[in-house]
Every structure is written in C-alpha cells, then in structure tokens.
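In the form predicted alone, a lone chain appears below as structure tokens.
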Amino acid sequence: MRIMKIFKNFFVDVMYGNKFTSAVRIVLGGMLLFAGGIKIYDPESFGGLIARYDILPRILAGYAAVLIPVLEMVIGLLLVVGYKVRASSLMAVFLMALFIVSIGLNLMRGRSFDCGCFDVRRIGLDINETISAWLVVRDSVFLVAFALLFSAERHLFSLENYCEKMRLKNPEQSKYR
C-alpha cells in the first residue's frame, strides 16, 4: 500500500513537472540537437538515406534532408533552454510518429538498411542502427517521453519557468495585467 502511494505521488509530481521531467526535457533536447547536428553536415548523404525509405518522391528527399535536421535542432534547442516547451514537445511527438511509421513500413516491406537516426559513424562510433523492431520500440519510448513533456504543467530549470517567476515577482510590469 505504501509503495502504491509513493508511486502515485511520484506520478503526480511528474505530471505537474519536477526535476525528473526537467532532466528528461534536457536529455531529449540534447539528443535532438546531436541528431540534427550530425545530419546537417552532409544533407546529400542524408537525402540518400531518406530516399531509401521509399516514402517520399525522390525529388523531395533532398528537401527533407535539410528540413529534418534543422527541425530536430530547433526543437532540441527549445527543449534544452526550456522555451515553448509544449509546442516543441508536440512537434517532437509528430516527428517521432513520422519516424516510427517510416521504420515500420519498411520493416513490413522486409527491407533492412541503416536508419540514419544518429549517424554516429561520423564521430567514429560503430553502432548498428539497422532498421528493426527495436528502433520502433526506442522511438515509441521517445514519443511517450515527449508526450510527458507536453503534458507537464511546468518545467523547472527552464526559460519559461524563469520568466513566470519574474512576472509573479513584478506583476505591475507584466503585460498580462
């Protein structure tokens, strides 16, 4: 019974926004910054990877190869600094859903190739990132974590939280009077 109460209190704290949700926000934001930063250096190669998924017309793969890393980096930066957390986490949910569907469709087609998720070979790491059910599970966990960030009422250690504290300390200077 006591364990259930502890779990319930932790869950309520997480949904309100606590240090755990802040850590998740910063780690996921850093992950997106890293993933986008690695891909942005070689959009031609990344465009080839996108074309292998055979979802977009080939002519659009190059545009997606530029748009996706930039989007990942913008979302990641917003999450790390804690600005527009709800909007950026919602965009990340949609991005993860897109990745899950793309990988899942190619798994159903029986295809196997490098997913292009983090492209860690560029930094000398040899980690297998071949599309698989594991990547669908991993991205699903990320999707749930981004949904958690979207649901949280507040975000500690964030620019939003700092601005709210300043607004409450100086209500006469607030634009919301």
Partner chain sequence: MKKFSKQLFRDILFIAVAAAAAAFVINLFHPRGYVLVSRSDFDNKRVVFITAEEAKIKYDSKAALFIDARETAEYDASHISGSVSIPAGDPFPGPGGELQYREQPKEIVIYCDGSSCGASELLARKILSLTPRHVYIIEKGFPDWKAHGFPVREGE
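None of these values were measured; they are calculated from a predicted model. Positions refer to the first chain, counted from 1.
A second form of this protein, the form predicted together with its partner chain, is not displayed here; the remarks below concern that form.
Although the partner is absent here, I40 is a contact residue: one of its heavy atoms lies within 4.5 angstroms of its partner chain in the model of the complex.
The shortest heavy atom separation between S112 and its partner chain in the model of the complex exceeds 4.5 Å. Among residues of the shown chain, V27 is not one whose heavy atoms approach its partner chain to within 4.5 Å in the model of the complex. Interface residue remark: L78 is counted as part of the site for its partner chain in the model of the complex, having a heavy atom within 4.5 Å. You can rule out all but one of 133-141, 28-36, 104-112, 66-74: in the model of the complex, only 66-74 has residues with a heavy atom within 4.5 Å of its partner chain. In the model of the complex, the residues of 75-92 lying within 4.5 Å of its partner chain by at least one heavy atom are, in order, L78, K84, R86, A87, S88, L90, M91.
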